[in-house]
Every structure is written in structure tokens, then in C-alpha cells.
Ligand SMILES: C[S@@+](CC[C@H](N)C(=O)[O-])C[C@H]1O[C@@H](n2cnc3c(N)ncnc32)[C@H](O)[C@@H]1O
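In C-alpha cells, the next block holds one chain alone, the form predicted alone.
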């Protein structure tokens, strides 16, 4: 099922990026996939909601592990690629603006997964509140995002437009780690695990590329 919403600036950029997203060199994308796959698969055995599914690089891994999987993304172009992944036939894909109330009932999910999305969201509090709303007691909310230290160095989502052969930058917002933690606390979620992620083989002194938070909704 697909519900079409008007595309915004970010969604339109990802529509253009969709066909080359999986093939262009992208260390952030590749490390993010490693991060999710390092988690205990038991976290995702129930009813899972993935927000910002993109081309389905993580959807493909989640699908055979979840009892049910709802995948949301603002870009119809990215979802078109995601639907072509093997093993996702039972996944329900919906094109949806994540800044609007998510199309799923209260306490309908055991896990919410969010990867490389929140740099595009200005209001973190809404995302965390929605995660709390749709999670069942004891459910988990996992996020993995571009590290703010990287953003301060000038990193952000960008891609080579195959039509113009120019680099295009996707609109982003800088959030300090404290903003994520504050949004978590305001939503009433509890931190279970936090981690910084560096490139494979990088020294401890290297600036992390990603950071992740695993949060739980109290019973």
C-alpha cells in the first residue's frame, strides 16, 4: 500500500538520488548498515516500524526477522527501490511525511528503527514523542545518525546528480547530542545503550562517523 503526500525539498532530493543511492561510494551508508546488523536480532522479532526506510538497505535485513514490518519514507523514489529488494513481499510500504502523525495506531509496535533520518528533521521532540506513542510498553526505539562532530566539520547528506554531474546537498539540521537526549527524556523514554561509531580501523582519536542510541519505553 502506498499513500502519496506532496513532496518537500528533502523528499524531492531523495527522489533524484534514489537510482544511484546504493551504488555511489558512501561510507556513512555502509557503516550504518553494519551498525544495525550488530544488534541482537531478538529486538526485532515482533511488530516493527521503520521510519526513513530509503532504498530498503535495512528493510531487507529486518524483514525476515520481524513478525510484521511497516516501512515509511517521504520519498516515493526511494520506496520504489525498496520494494524491489528480495524478501520484502510482506512489508507494508507507505510514503509519508515523518513530521506528521505516523499512520499507525497507539502501542502497535514492539520496535521503531530510525537510521540516517534525523539530520533532516528540525523538531526532534515530535519524532521521539511519536515513537513513544506507537511503541508497546517494553518496546525499543533505535536510532543511528550522522555524528554531530562530523556535521561541525562540514559533513552532510550529499550526492552526485547523475543528470547534471554536480554535487547536490540535501537540506539538513545540526543537532547536538544533548538535543537527542533531551527529546528522549521529554518523551519519557529510557536510555539502554549509547555508542559512537568510527570507520573500520580508525584510531580512537578519529572523529566518529555515526552515533547510536537504543531506548526503551517503560513498562
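This is a predicted model, so every value here is computed, not measured. Positions refer to the first chain, counted from 1.
Here the subject shifts to the form predicted together with this ligand, a form of this protein not shown in this document.
A.B. asks: With a 4.5 Å heavy atom cut-off, would you call residue 124 a contact of this ligand in the predicted bound form?
C.D. replies: Taking the distances in the predicted bound form, the answer for residue 124 is no, it never comes within 4.5 Å of this ligand.
A.B. asks: Would you classify residue 53 as touching this ligand in the predicted bound form, given a 4.5 Å non-hydrogen atom cut-off?
C.D. replies: Yes, residue 53 is a contact residue.
A.B. asks: Against this ligand in the predicted bound form, would residue 10 count as a contact residue? Criterion: heavy atoms within 4.5 Å.
C.D. replies: Result yes; residue 10 sits at the interface with this ligand in the predicted bound form.
A.B. asks: Though only this chain appears here, would residue 99 touch this ligand in the predicted bound form if you measure heavy atom gaps against 4.5 Å?
C.D. replies: Although this ligand is absent here, residue 99 would touch it in the predicted bound form, with heavy atoms inside 4.5 Å.
A.B. asks: On the criterion of a non-hydrogen atom at 4.5 angstroms or closer, are 46, 104 and 130 all touching this ligand in the predicted bound form?
C.D. replies: No, the candidate spot makes no contact with this ligand.
A.B. asks: Counting any non-hydrogen atom inside 4.5 Å, which residue from 71, 135, 82, 116 sits next to this ligand in the predicted bound form?
C.D. replies: Looking at the other structure, the residue within range turns out to be 116.
A.B. asks: Could you work out which of 78, 146, 143, 111 is the residue within 4.5 angstroms of this ligand in the predicted bound form, going by heavy atoms?
C.D. replies: The residue in contact is 78.
A.B. asks: So which of 148-156, 178-186, 54-62, 38-46 is the stretch with heavy atoms within 4.5 Å of this ligand in the predicted bound form?
C.D. replies: The contacting stretch here is 54-62.
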